[in-house]
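Shown below, as structure tokens, is a lone chain in the form predicted on its own; questions about how it binds or moves come after it.
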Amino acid sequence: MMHEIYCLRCPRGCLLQVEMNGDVLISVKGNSCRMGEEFAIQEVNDPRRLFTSLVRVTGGKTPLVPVVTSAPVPRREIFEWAKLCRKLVVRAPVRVEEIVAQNPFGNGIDLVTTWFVEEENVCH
């Protein structure tokens, strides 16, 4: 069976033709660099993506801070990461690359911030 997928490894975005026989990869065509073949093999065997989301902040100038996983996570775990983000609340100030959840699923991948959130100044 032939599948067509777009390669996400470089800006070229090659359209790959992946030939499969059941679960066995037969061939990869359409890639213009070796990263395309590596991407196709991983996409067929264990598709992964960087997960990005927002986490609530208390006491900050903004109510949310953007976060990303420290490494690509299996696509089947994306909803678990989303559930985790809905539950988390961090206290301002929040620094860039601050770990807000360390290895929450036991696979060595952390959830880190990508933005700075200042503490809100309260005037009395």
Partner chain sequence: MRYDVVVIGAGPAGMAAAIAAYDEGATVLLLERNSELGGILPQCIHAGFGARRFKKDLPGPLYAYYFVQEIEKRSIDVWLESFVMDISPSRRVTVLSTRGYEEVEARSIVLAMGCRERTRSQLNIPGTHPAGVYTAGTVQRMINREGWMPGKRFVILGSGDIGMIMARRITLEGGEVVRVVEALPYLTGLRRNYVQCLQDFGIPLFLSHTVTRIDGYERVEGVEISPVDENFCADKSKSEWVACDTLLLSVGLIPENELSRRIGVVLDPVIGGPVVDQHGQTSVYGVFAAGNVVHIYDLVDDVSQDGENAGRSAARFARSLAGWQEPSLSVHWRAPIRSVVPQRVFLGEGSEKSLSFFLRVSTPCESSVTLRLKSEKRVFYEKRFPYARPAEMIHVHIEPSPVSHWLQYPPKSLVWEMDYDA
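Bear in mind that the values here come from a model prediction, so they are computed numbers and not experimental data. Positions refer to the first chain, counted from 1.
Another form exists, predicted in complex with the partner chain; not displayed. Remarks below refer to it.
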{"query": "Arg91, heavy atom within 4.5 angstroms of the partner chain in the predicted bound form", "finding": "no"}
{"query": "Distance check, Gly60 to the partner chain in the predicted bound form, heavy atom within 4.5 Å", "finding": "no"}
{"query": "Contact flag, Leu8 vs the partner chain in the predicted bound form, heavy atom cut 4.5 Å", "finding": "yes"}
{"query": "Contact flag, Asp46 vs the partner chain in the predicted bound form, heavy atom cut 4.5 Å", "finding": "no"}
{"query": "Whether Arg12, Ile78 and Ala82 all lie within 4.5 angstroms of the partner chain in the predicted bound form by heavy atom", "finding": "yes"}
{"query": "Partner contacts for 40 to 61, taking the partner chain in the predicted bound form and a 4.5 Å heavy atom cut-off", "finding": "Arg49, Leu50, Phe51, Thr52, Ser53, Leu54, Arg56"}
